[in-house]
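Before any questions on how it binds or moves, here is one chain, the form predicted on its own, in structure tokens.
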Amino acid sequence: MDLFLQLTFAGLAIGSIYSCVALAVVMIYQATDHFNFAQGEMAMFSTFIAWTMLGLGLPIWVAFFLAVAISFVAGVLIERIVVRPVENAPVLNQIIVFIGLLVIFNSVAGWIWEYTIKPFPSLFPKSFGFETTLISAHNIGVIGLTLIVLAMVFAFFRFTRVGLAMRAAAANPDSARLVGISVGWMLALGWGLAAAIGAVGGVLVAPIVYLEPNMMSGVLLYGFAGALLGGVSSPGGAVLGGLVVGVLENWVGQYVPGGAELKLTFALVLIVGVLMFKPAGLFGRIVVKRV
């Protein structure tokens, strides 16, 4: 029973990180109708920025907040400079741009910081004084910080004028323009917010998987699985989907023969299964368009 609880709590911790990635993916999807394949590489690059600041002697929490802020600005600039010029281009062109961003971020990170594995310290102390053998202090901190971030995002979209404007711009751009909302800038802010949330996930997962340019490839796949499972039209569903994927991943790794080698396969099977039998996800809505 203790092993089952350990696996579940650890799954909730890693699932919290998947939830951050899934939420970032869904935010971009709602704004552009496309998945941002570079979401993981953007988070990785932000984590390297935090690691560089640590090397300069900054406290870890200062480096964390600066990296998140830089990621937000970078997300806005990417939308303005790279994505906006192709927003009316054919779908294939836009997908190629996203894949190009993935390759650029990965290659530049390898060029600057090399492809050697680097340790990354945890944001949290080794002990809070109340953890048990069932869950580590880092996992407690990951779950707590993720819940705080998700609560702040929910409050922002639910109770602020800018958040409501961003929701309106993503849901119905034409109607939003009629009431005076700058749809272009709302989408840019959405990209910035998605990049910042992704940076949080990158910094939280780096102490677990270690820091290197390819560290987010598997995490992004699980984030996609969580987003699809919960529903790409439902941010809350994507968050819950990420948690479910994290727990299921740990259970598969322990209880399925050879499961440790099947974790990524499990994510791919989950993605294919959702697309085949429940394309809208568990909590998403089916959108019908006139063509």
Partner chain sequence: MTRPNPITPTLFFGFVAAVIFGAALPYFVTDFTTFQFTQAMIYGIALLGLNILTGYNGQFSIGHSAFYAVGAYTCAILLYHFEWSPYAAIPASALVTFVVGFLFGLPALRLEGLYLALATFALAVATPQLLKFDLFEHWTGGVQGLFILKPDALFSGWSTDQSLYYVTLGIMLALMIFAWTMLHSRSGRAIMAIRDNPIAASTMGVNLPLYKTVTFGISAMFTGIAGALFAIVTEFVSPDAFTFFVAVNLLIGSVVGGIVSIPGVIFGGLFLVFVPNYAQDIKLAYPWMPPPWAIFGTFLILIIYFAPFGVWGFLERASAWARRKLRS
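This structure is a prediction, so every number in the text was calculated from the model and none was measured. Positions refer to the first chain, counted from 1.
The discussion below concerns the form predicted together with the partner chain, not included here.
Shown without its partner, this chain lists 134, 209, 95, 117 as candidates; in the predicted complex, only 95 has a non-hydrogen atom within 4.5 angstroms of the partner chain.
For the options 100, 173, 184, 144, the one in contact with the partner chain in the predicted complex, meaning a heavy atom within 4.5 Å, is 100. In plain terms, the part of the chain that comes close to the partner chain in the predicted complex, with a heavy atom within 4.5 Å, is 79-87 out of 147-155, 79-87, 165-173, 120-128. In the predicted complex, at least one heavy atom of residue 272 sits within 4.5 Å of a heavy atom of the partner chain. Among residues of the shown chain, residue 268 is one whose heavy atoms approach the partner chain to within 4.5 Å in the predicted complex.
Residue contact check for residue 108: one or more of its heavy atoms lie within 4.5 Å of the partner chain in the predicted complex. Though the partner is left out of this view, residue 73 does not reach within 4.5 Å of the partner chain in the predicted complex, counting heavy atoms only.
Residues from 224-258 that approach the partner chain in the predicted complex with a non-hydrogen atom closer than or equal to 4.5 Å are 224, 228, 232, 258, in the order they occur in the chain.
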